[in-house]
Every structure is written in C-alpha cells, then in structure tokens.
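Below sits a lone chain in structure tokens, taken as the form predicted on its own.
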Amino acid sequence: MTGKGNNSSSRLKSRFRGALIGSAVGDALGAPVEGCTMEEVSSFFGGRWELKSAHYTDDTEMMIGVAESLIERRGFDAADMACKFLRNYHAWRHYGPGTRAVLERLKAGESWEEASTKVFNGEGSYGNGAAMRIAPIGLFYYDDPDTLWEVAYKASHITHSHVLGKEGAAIQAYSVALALRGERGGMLTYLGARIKEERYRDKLAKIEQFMGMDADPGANSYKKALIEELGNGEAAFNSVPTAIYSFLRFYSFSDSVIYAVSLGGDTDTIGAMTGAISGAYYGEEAIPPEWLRALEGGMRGRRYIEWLGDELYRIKIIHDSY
C-alpha cells in the first residue's frame, strides 16, 4: 500500500475533507429521490444534476457524530459515540425504524452493548445505517487495517448488531481508507483479502464481472442487471457493493455519485457512501462547486463538516508525526 509519505500534506488534507463533505453532498443529492425507481430519478432530475434540496439526512448527521467522537476522544470510544448520536438526533432527518428504536433504548438508559441486539426479533439490523456513517473511521485508521476493521465492527454494533451490517460497514470504511491512500486499481484485491462473509465475497465477484463487461454502464438494460446483481436497497449487502462499483467504474467525483443516485432505491445512502469513497480519492476540490455552495449551512452544515475533516487530519497526521 502507498505510504503516507507519498502524499503531500495539502493533498492529504483535501482528501480528509473530501471524504466527509463528499459523503454529505452525495447524501443531499440523493435525498429527494430516496425510494424512487431508476426511471423516476431520471424524470426528477431531467438531466440537470443539482442539489434540489440543501439538506442532508440521518446519514450525514450520524457521520458527524462519529467524527466528533473520534476527535474529542482521540480515538474510538463506543459510549461517547452513542452519546453523540443521541445529542445530534433529529427525527426529521429520516432515520430508519431500527436506528430510531435503538436510539430510544439508549435514551432510556440501556447500554450500547445491548440496545442494538433487541431489535428485529433479537437478530439485530443488517441495514446500511452503520456503513453510511463510517467514513471518519476509514480516515482515522487508514494506515492500520486490522484496527480499522475491529473498530468498524464495534462502532457499527451501537445500532447494527447483525454481522452482515457490521461487515458492510467495515468494507465501506476500508474502501474509504484505500481511496485515501490512492489504491484504486488494487481496491478489490485488498478488499478480497479482508472480507469474511460469503454474501459479500459473492458481491465482490459480481463487481469484477461488471467491471470487465464491454458494455455501456449508462444503458438501462445494464443498470437493471446491475441493480439485480448488486442491489440498490437498504440492506448493507445490497448497497455497499454498489457504492464501490460506482466509484470504480468512473473517473470523476460527479460521474460516480450521479451514477450511484441514478440507480434509484436507497439513493441518499448509496450516494453518501459513493461520495465518501470518491471524495477520499479525488479530494474536496473535485466536488462540483455548485454542489458545495448548495449544501446546507448552519451550526453543523458545510463549514462544520469541512472543519471536522481538518481536525481528523490534524489529530491523525500532524499530531501523530510529533
């Protein structure tokens, strides 16, 4: 893997920022068409891919909590991260029912170790609610894959105790880390060496198959086949692989994020995850300025999210170098 010495400080800082603000932009782009079909998404945007709403969703609000906790605690602290989720929680950001139920349990005083194990008949959630927020962990532990994987699992457990939810979040976090290090060509190989769950190994093989096809990825028939095989739903295994594919298949931030959203389904989350990986690879300057300008402001708006990226960079890169 590429060592940190091969990245200039300004370039690496831009990538830290890009991962977080890219996630927020992808979230906001996809939010108005969440749950829509591919055809409905196309009709809604009409070829003009702009942020129709400035507001991000629970994806970004929870990502902010992850970043805040890592910064304040200088690393992972599950109890503190759970508190950050509760402090930031605004129901109008469209939280999923499983996460809402867990947050209510946490609010009532239940421990973070137990709360997530009580939902979905005690099986826990395998949704993408942990993967959508995991980008800061991918940044903070980008140079330590073993710790990254372990922390991603633990951070996911706060709301998503099912192994498929945890594994999806770990895969997303590692993808962000690999993108930050410039490992585009070897991303699938590195992921393949880490993935344990067969469901995800099958999806990885399908990504490779689609990458090898000599076909127009924008054709409706191609997109429908992609949705059938990789998915565009709320389950982590039906969305994390799609975000990785959307990043790998194109060569600009906007093309990747637009493609992810164009598939329909869980557009805000797949857009957010694609934006996080793409932003970590290309840096903040690759994000269309009009998208950045349109993103909501306020206390935890665009400028604050950029600051979180700067602080993660400062703690991880500047502080660790002394």
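Start at 1 and count along the sequence shown; that's the residue number. Note that the structure is a prediction, hence the values are computed from the model and not measured.
What comes next is about the form predicted in complex with ADP-ribosyl-L-arginine, which is not displayed.
> Pick the stretch from 217-225, 146-154, 121-129, 248-256 whose residues have a heavy atom within 4.5 Å of ADP-ribosyl-L-arginine in the predicted bound form.
In short, 121-129.
> Wondering, does residue 96 line up within 4.5 Å of ADP-ribosyl-L-arginine in the predicted bound form on heavy atoms?
Yes, residue 96 is a contact residue.
> Does the 4.5 Å heavy atom contact test between residue 268 and ADP-ribosyl-L-arginine in the predicted bound form come out positive?
Residue 268: contacts ADP-ribosyl-L-arginine in the predicted bound form.
> Flag residue 296 as yes or no: does it have a non-hydrogen atom within 4.5 angstroms of any non-hydrogen atom of ADP-ribosyl-L-arginine in the predicted bound form?
It does not: once ADP-ribosyl-L-arginine is placed as it appears in the predicted bound form, residue 296 has no heavy atom within 4.5 Å of it.
> Taking ADP-ribosyl-L-arginine as it sits in the predicted bound form, is residue 234 in contact with it (heavy atom to heavy atom, 4.5 Å or less)?
Yes - in the predicted bound form, heavy atoms of residue 234 and ADP-ribosyl-L-arginine come within 4.5 Å of each other.
> Could you list the residues in 22-50 that come within 4.5 Å of ADP-ribosyl-L-arginine in the predicted bound form, counting only heavy atoms and keeping sequence order?
Contacting residue: only 34.
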